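For reference, the chain that follows is the form predicted alone, supplied as structure tokens.
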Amino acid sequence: MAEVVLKNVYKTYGENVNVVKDFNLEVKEKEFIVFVGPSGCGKSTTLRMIAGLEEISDGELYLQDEFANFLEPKERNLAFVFQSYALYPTMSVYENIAFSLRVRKVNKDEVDKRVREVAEMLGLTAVLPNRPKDLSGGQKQRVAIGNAIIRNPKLLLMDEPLSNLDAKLRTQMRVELAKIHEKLQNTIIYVTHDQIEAMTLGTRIVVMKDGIIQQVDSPKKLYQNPINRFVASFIGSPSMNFMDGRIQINGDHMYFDVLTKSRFDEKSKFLLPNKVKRALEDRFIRGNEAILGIRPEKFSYKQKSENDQYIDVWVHARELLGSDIYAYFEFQGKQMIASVPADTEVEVDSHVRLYIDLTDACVFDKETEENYMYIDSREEKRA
């Protein structure tokens, strides 16, 4: 049974400002759904419409098969975790967690039992007497989560709950949130602009841009099978590299003819693997310009075979990140990144030959930016 259904939902301010456009989504019970996209894409507005904190301008919302457009927030059997923690400064941690139960006049002994269960789950038992001013950022966020989950809501909504934490705490809290979801088995809809949070937490991810859903899929499929250039660039860290060129056919072979110095150079051609060739044969218009997408980890300093494709570039910067090195270089007037093992000898201000694995490359239409390689998972199932 679907826990949340949004049908053709719009949010409009004034006469012409459409923040969310034709939003359609079914969220199943026990899913961990993540809305991700750049600031201003409408993800938080959509979450607030589900919560009843924003009115729906047009379309339909169903919560557990009940039409919910006009239900008050308190009637929706959900809890909301805000970015700003929203704790009562004059109350103790215990009182903050217990607040929602006390408002509902739950028995005192039952309140005490549930507060202590939640505190133990979140590692807050030792700080129950403390006030928010005495807590770290991570502890404050856990108190806010405790206040939300103590009522065992069927639906938990979270609006960028980790954005105020430092990098180490964010990593810790991601693990805690995954544990909470595994233990409680409730439905979570989570908003973030951080694609790493989206990839590590979500069972499915909703990628949004300009109020419109671009793609809904599992983290793995979003990374391997993006529907367009925007999704390909937004999902993955570092971001995908893009090269301009066009598709050419010579006999049985298919090539990506690279655009260099504002012209197509006969010496700069990549022979496309059979996997890419098969996907492109029925989808592209021959001779038209296209965009080749290459993940940073698909570059290598080592040649694996005589037929390896390569480019000669100048490395102008590098970053060592433990097991990997990010080598920054310029190609076609754009900065690109190669991710190589940390034991690779990468020198700044050096000219190098980078070999490219094109097996899993993406090819995008120059005009629409749609991915020719995209395979609709529904088509896969039917096949």
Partner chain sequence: MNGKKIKVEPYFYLIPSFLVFGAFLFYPFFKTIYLSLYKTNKMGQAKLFVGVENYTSLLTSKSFYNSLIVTLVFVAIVVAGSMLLGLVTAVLCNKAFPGIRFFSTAFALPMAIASSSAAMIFKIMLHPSIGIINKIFHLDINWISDPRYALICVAILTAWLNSGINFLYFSAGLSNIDDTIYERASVDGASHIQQFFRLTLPGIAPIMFYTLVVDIIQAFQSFGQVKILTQGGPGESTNLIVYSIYRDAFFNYRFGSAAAQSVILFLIIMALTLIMFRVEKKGVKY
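The term rigid core refers to the most C-alpha atoms you can superpose between the two forms while keeping them within 1.5 Å. Positions refer to the first chain, counted from 1. Quick caveat, the model's predicted, so the values are computed rather than measured.
Just so you know, the form predicted in complex with the partner chain exists too; it's not on screen, but the next bit is about it.
Within 4.5 Å of some heavy atom of the partner chain in the model of the complex lies at least one heavy atom of residue 99. In the model of the complex, the partner chain sits within 4.5 Å of a heavy atom of residue 147. Looking at residue 318, you'd find every heavy atom of it more than 4.5 angstroms from the partner chain in the model of the complex. Contact annotation for residue 181: none of its heavy atoms lies within 4.5 Å of the partner chain in the model of the complex.
Residues of just one listed stretch (167-175, 91-99, 247-255, 197-205) have heavy atoms within 4.5 Å of the partner chain in the model of the complex: 91-99.
Screening 230, 242, 301, 85 for any heavy atom within 4.5 Å of the partner chain in the model of the complex leaves a single hit, 85. Contact with the partner chain in the model of the complex, judged by any heavy atom within 4.5 Å, is made by just one of 275, 133, 283, 113: 133. Shown here without the partner chain, the chain has 73, 74, 78, 79, 80, 82 in 63-82 lying with a heavy atom within 4.5 Å of that partner in the model of the complex. When the rigid core is held fixed, the Cα atom of residue 90 travels 2 angstroms or more between this form and the one not shown.
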